[in-house]
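Here's a solo chain for you in structure tokens, the form predicted alone.
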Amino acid sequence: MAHFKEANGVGEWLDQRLATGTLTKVLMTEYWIPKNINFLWAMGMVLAFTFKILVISGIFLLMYYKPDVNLAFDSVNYTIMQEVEYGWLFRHVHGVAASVVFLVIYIHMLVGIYYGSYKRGREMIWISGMLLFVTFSAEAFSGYMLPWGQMSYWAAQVITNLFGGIPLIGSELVIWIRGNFVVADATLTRFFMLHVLLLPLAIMMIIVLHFYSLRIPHVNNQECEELDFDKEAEKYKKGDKKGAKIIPFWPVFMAKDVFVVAVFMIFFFYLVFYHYNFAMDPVNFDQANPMKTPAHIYPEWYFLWSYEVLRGFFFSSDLGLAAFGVANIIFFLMPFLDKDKTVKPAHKRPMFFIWFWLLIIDMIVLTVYGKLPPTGPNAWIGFVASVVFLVLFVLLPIITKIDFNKAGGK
């Protein structure tokens, strides 16, 4: 065909047929990033890298895991941990990555909240990010069940029971999710399929949506300054690299991302080799026994804050379930609850700044008390912290409106 010329190399041959040159410009060399951002903006890349670690280590574990209630526990604790060469390493890597990925997610979320990265055209970035949080949560829970230890079994019992609180369809929904009237072999098989196939595919698609949603409004910056990216890109291309307020994603910003990922990997493998136990509950090294309930059931640390909201209303299971539902969707509404029409960092919004730190403190309290037995003072502290969490979001539209008015609408 006339429009195809003799290619001078593999790159040019591919470009003629797949427009790889255009794709490279759109995604890398002409995708612009503000200069005035810090290492916290690399959390997205760290998250993507950690997800790759989870996928690769999970594939190796999948080769030896048996999704059967009679074989699952032994396949994990004996076959993988003792018989397969370096099986222990892959399990430690997978377990630590599954835990650390939530640390990265929470940092990423809080940075977005602090700098208002959910406002004025960036709503879809935030919503897609929260969808990632939900799917990662589902992926983590489904994976937590697979070792078929005591905590795996009873956590599945508690979580699946939550769906029974949904009016009209609750009891039927619980049976459908479990594939049985109780947590059993069918439940394990279903969660296995969710964990290794459906949820990873969903995560990959939402990651693509999340990165795509960044393309038009671009990344926010520390000063929340709205930049004319076309104008700044022209400056950069003409050689005024110091005067331009932006840099290309590749290779300049990517080099910074690689540095942060490298530092993160030092921390990550330190945990893998020396402190992996934090990601593995000792109770889960006992095989699942439906006839023996653990003295105290609790989820992994990254779910403890929402779990405490659930049980914080200890005097009413219906109120606890409602509060739990609200707590898990309320972050989606951040773009609509924040009534300040400007985009400014929290330290330039006095009341929002206080709100932000109160939220962090309250979530830490919920996390700490979520692992403690809900008796005596613990129960009341958990109740107060749960109420404070909900009240903070009720007050958010009011305090952001006050900040906006005090600043004269600027």
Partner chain sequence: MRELKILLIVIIFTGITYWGVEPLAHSVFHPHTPDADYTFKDVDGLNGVKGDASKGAEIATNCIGCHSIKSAGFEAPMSANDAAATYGVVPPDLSTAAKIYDHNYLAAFIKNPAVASKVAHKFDGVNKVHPMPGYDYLGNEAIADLIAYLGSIAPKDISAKAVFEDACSRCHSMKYAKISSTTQVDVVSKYMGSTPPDLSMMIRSRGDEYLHKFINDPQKLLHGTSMPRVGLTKESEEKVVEFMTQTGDSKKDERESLGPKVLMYLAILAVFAYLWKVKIWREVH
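Model, not experiment: these values are computed from the prediction. Positions refer to the first chain, counted from 1.
Just so you know, the form predicted in complex with the partner chain exists too; it's not on screen, but the next bit is about it.
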{"item": "Selected contact from F315, Y270, F336, F181, since only one has a non-hydrogen atom within 4.5 angstroms of the partner chain in the predicted bound form", "value": "Y270"}
{"item": "One residue of V69, I53, I37, A346 in contact with the partner chain, assessed in the predicted bound form (non-hydrogen atom, 4.5 angstroms)", "value": "I37"}
{"item": "4.5 Å heavy atom contact, P377 and the partner chain in the predicted bound form", "value": "no"}
{"item": "Q222 within 4.5 Å of the partner chain in the predicted bound form, heavy atoms", "value": "yes"}
{"item": "Contact label in the predicted bound form: K238 to the partner chain, heavy atom within 4.5 Å", "value": "no"}
{"item": "D286: touches the partner chain in the predicted bound form, heavy atom cutoff 4.5 angstroms", "value": "yes"}
{"item": "Contact check for K119, T135 and L197 against the partner chain in the predicted bound form, heavy atom at 4.5 Å", "value": "no"}
{"item": "Contact stretch among 71-79, 153-161, 172-180, 319-327 - heavy atom within 4.5 Å of the partner chain in the predicted bound form", "value": "71-79"}
{"item": "Contacts with the partner chain in the predicted bound form - residues in 290-323 whose heavy atoms fall within 4.5 Å", "value": "H296, Y298, W301, L304"}
